[in-house]
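The chain below stands alone and is given as structure tokens, in the form predicted alone.
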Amino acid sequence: MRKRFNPGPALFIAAALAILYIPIAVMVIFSFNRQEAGVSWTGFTLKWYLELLAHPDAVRAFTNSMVVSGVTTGVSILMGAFAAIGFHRYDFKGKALLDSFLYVPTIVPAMLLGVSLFSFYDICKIPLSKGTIIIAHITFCVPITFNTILSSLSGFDASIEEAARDLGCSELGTIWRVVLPNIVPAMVSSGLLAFTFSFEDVMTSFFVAGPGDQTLSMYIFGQIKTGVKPTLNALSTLVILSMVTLGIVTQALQKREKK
């Protein structure tokens, strides 16, 4: 007996998607609107994108974000990879407790993390700079890379390592030649996630950024206080396109890893 079509679930899904994506779609559309007020469509233009590129504060904020997120991602991948390999290969006292502590930076509210790091820098007399932002971002990005890579290692065939050691490969050589090549997709996908989290962070960066070290997210947050401008719509559109691209690449790498 054929089941009758129930439109309820489809309508619920459509409503949820509309709530999520219609505001974004409107913002993207009005970033190409000729009218500055943005209350009605008056024609297509790329003026706001060109004006955005000529704005020195926006360009500086974008450069700061790329530097901070790039360094954060690289360090987080290395720390997360070697920590995951250590957790996967060795058993030691307090392992479960340490594993639990690694989750703390990801569940602590960003504001509290920023305040605590600011207090720490102040006590240690560390001047605020891009370096302090990078350290702050590493604290919540390393758990992301660690957990992603550790999940990948959970399905790793240990017999491959044993075969490498039987053929005369050292402990470090086994990690370098056997383990690392097999977790490269997980390292890349976790790195893309870390880059995304670092790039979009506002609250933590707000407390630990020095003068002139404003990131792009901080710049957008500051500009929105004076109202939504066409250049801000254009900037937000570019950021969304970048994050969507990273998300697609991450999903593709994760699917490849599963296969």
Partner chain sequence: MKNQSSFKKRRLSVMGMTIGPMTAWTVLFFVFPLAYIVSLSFCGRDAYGGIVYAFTLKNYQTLAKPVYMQVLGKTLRMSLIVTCFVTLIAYPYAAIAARAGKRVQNALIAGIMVPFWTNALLRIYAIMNITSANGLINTFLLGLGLVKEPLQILYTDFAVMFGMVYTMTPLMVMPLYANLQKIDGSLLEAGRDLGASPAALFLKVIFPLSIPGIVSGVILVYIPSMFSFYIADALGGGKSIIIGNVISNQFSTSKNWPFGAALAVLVMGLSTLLILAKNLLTKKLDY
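Residue numbers count along the first chain shown, from 1. Model, not experiment: these values are computed from the prediction.
The same protein has a further form, the form predicted in complex with its partner chain, not shown here; the description that follows concerns it.
None of the heavy atoms of W176 is located within 4.5 Å of its partner chain in the predicted bound form. None of the heavy atoms of L150 is located within 4.5 Å of its partner chain in the predicted bound form. Using a 4.5 Å cutoff between non-hydrogen atoms, G86 counts as a contact of its partner chain in the predicted bound form. With a 4.5 Å cutoff on heavy atoms, G94 does not count as touching its partner chain in the predicted bound form; it lies far away. Shown here without its partner, the chain carries A61, V67 and V184, none of which come within 4.5 Å of its partner chain in the predicted bound form through any heavy atom.
Counting a residue when any of its non-hydrogen atoms is within 4.5 Å of its partner chain in the predicted bound form, the hits in 104-127 run V104, P105, V108, P109, M111, L112, L113, V115, S116, L117, F118, S119, F120, D122, I123.
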